[in-house]
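Taking the form predicted alone, here's one chain by itself in structure tokens.
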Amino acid sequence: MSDDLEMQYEVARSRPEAFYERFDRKDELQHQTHYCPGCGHGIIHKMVAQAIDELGIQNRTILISPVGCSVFAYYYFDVGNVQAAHGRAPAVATAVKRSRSQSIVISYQGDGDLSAIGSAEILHAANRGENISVIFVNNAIYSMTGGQVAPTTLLGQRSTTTPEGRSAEREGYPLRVSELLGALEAPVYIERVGIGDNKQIAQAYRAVRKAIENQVRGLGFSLVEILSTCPTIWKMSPVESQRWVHDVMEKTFPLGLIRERTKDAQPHETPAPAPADLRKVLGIADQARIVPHQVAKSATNLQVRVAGFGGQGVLLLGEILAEAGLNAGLEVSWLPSYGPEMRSGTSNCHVRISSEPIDSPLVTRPDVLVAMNEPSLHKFYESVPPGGWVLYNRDAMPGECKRTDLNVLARPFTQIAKDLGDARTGNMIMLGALIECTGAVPWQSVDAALRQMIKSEKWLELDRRALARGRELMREPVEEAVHEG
């Protein structure tokens, strides 16, 4: 081919830069994507990626994908990716956008996800006018899980859970999410489009681009609902499924603008940076001064599991430890977990304190296990790595807990607290021992946290005495673990 002939041709369509160069699949599936032939996700992915390219925001974009077929989005988009729990993408998008205000955050959801378990999240995100862009893929069915009826399933449409067709009397009417959100004051742009033919696809792309561009301009909440195909679950060919979108779905879900006020919308103000003085962030009075603390290398990633019965002060111990870490200017996380009984039920919490950003609040291998009762000891004892600490609320370890690679402080903390003035301060004695053995935070920071959380002078004094008693117990010579039996 001559150079002159080559110059007559130019590429009209190509892989968007916002896509990965290669889509990872299992070796035997390299020739195909995760989606069924004729699935609308591939078309919609291309729209989103092309809009990202045209707006020049690839390095700023964070895509939130929840459970459902949409979960596979992170295999294709070469942007920041966060995978959310079922229905929670708008809540996660809100957190990401508020913490990284310069990012462009896109929530990509299916109808079984957004309109069912996620209905509260999308409703309140829209009502707050969060400056995010939502791509709502509506194929009127639960696809990934086998074809159950969804809130958007059409009247008369069959599914695995409505084999005779959806009935208004049994399952209610199809939920028109866009109209529902359009009744709110905050959203700036909501439009329903389809992919039933090429003309619709072109309009759908314009809507997707506008929804994302609105966020770039800081205008607020935008949502595009896309009537999409699902040939496999609908038991149709790809061509038939496109016709069904055009000829059938539109009768229940009319295409068009639902909300359009971008011309009058004012850009959201960029949140001010956090004050340099951490005391202002935490609302701490001047007398509760934050004490600068250089954490020893061994304590830069302290992981603690506190466990016991509800009512023993498990969560309060963890919360004060976390607050003390904040007061010391460290990264912290505190994750409580308790049964429905709360008091007298099981209760435990995860606490992490680090000089580096924390990747997860979960603690699976605790450096320190604070076990306030025997069931908690048995449950978490084996999870403590060699060299870790176990603080146990009895005067001896059970006979079956015979590891020799752990540091153990077994004392009747509750009884010691009772002798001190009140059995309920046993958790503070154990906290005192924990701080003393780890050195993770300075005692001034612990005292500041105590003053923040304990408002009664009587209890403040008791808890201070309990902390001091815990320090004393830890300073006593550490014995070989004593076992019962």
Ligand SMILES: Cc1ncc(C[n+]2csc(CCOP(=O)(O)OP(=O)(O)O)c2C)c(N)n1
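From 1 onward, residues are counted along the sequence shown. Remember, predicted model here, so these are calculated numbers, not experimental data.
Note that the form predicted together with this ligand isn't included here; everything after this is about it.
Stretch 137 to 145 is the answer when you ask which of 72 to 80, 303 to 311, 177 to 185, 137 to 145 has residues with heavy atoms within 4.5 Å of this ligand in the predicted bound form. Taking a 4.5 Å heavy atom cutoff to this ligand in the predicted bound form, the contact residue among 91, 401, 255, 117 is 117. 86 is the sole member of 86, 199, 170, 243 with a non-hydrogen atom lying within 4.5 angstroms of this ligand in the predicted bound form. This ligand is not drawn, but in the predicted bound form it has a heavy atom within 4.5 Å of residue 67. Within 4.5 Å of any heavy atom of this ligand in the predicted bound form lies no heavy atom of residue 45. The closest heavy atom approach of residue 113 to this ligand in the predicted bound form falls within 4.5 Å.
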